[in-house]
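Okay, here we've got a single chain as structure tokens, the form predicted alone, with questions on binding and movement later.
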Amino acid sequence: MTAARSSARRGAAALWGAVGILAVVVLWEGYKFLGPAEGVTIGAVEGETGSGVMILPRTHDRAMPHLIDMVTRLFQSTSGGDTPPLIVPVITAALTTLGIAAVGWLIGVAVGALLGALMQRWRLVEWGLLPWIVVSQTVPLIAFAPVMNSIGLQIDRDVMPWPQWLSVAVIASYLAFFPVAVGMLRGLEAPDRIHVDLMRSYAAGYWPTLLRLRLPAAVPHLLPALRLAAANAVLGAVVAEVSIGMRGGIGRMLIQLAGQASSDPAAPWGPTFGSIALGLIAAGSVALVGLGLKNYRRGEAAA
């Protein structure tokens, strides 16, 4: 019965995923068919270009190409001639960004798990640290990235070799550590009081209680946090590549092709699809970790 229920759940998840993709296709093509070519602007002054506020986007082919055109463009040459199809550099750039995001995810997981464990261990640390952890996520990443890049250049010049991709990984970890820290704190506090008291009655110290009770109880909270951290790491890596201008990644490719959008409007959607695929791959990879921890996933928290 359990296996059948699990299979039915996976089937329902796949079905809803397909329905979601179909809904996006219908909404995109429906609005393109019905929407005004120049969009809808309110407060425009006659004779003044660019006045007013646009509340609905333009639907002409340069601003909003058909989805079939975006997909077809992936399999056409990158810039004409004998250049490879666009999908080839998109995959290459995506793999570069994925590797950097993976490093950022590992850093973020390590930092977040340590902070979560410290906050759970000492209440005073939680009171002093948790507000700052929350506030840290309000700092605009586009402002933090150049600062981190400058620090990396200083380290590279005066201390030790520091490649630019490592700055991008640190920036990615900045977004990844937050959900892990909160998930770890919540998870380590999840055991019932009676179970904690039982461990104390066995004269179990902090480490046995942590390893045998708190960490297993934290799994349902940690897995969603790890998936969210993986998606955040990809987002952070892409934004960092754009902000500091690192070559070779999907973020830089987005900027390059966006500059050609007026003459080749479908091209920028190639790396956009690549970025979406990276987030799905990152979150899906973490989900595989959960397969080995299925015995601890009862009542898994929602991400």
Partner chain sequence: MRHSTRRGLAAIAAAAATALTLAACTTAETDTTDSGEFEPITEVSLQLQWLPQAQFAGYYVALDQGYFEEEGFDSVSIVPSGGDIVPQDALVAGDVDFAIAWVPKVLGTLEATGVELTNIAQVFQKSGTLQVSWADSGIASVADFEDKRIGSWGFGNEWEIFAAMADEGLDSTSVSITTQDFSMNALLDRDVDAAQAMTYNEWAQILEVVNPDTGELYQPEDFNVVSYEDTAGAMLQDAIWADTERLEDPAYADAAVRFLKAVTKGWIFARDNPEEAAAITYDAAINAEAAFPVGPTHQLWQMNEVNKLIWAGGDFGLVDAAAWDKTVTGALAAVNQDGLNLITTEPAASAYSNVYIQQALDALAEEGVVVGGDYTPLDVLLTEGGQ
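What you see is a predicted model; the values in this text were computed from it and never measured. Positions refer to the first chain, counted from 1.
Unshown form predicted in complex with its partner chain; subsequent notes refer to it.
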Do residue 73 and its partner chain come within 4.5 Å of each other in the predicted bound form, heavy atoms counted? yes
Contact with its partner chain in the predicted bound form for residue 89, defined as at least one heavy atom pair within 4.5 Å: yes or no? yes
Does the 4.5 Å heavy atom contact test between residue 81 and its partner chain in the predicted bound form come out positive? yes
Is the gap between residue 153 and its partner chain in the predicted bound form 4.5 Å or less for some heavy atom pair? yes
Heavy atoms, 4.5 Å, its partner chain in the predicted bound form: which of 153-161, 191-199, 170-178, 220-228 makes the cut? Say which one. 153-161
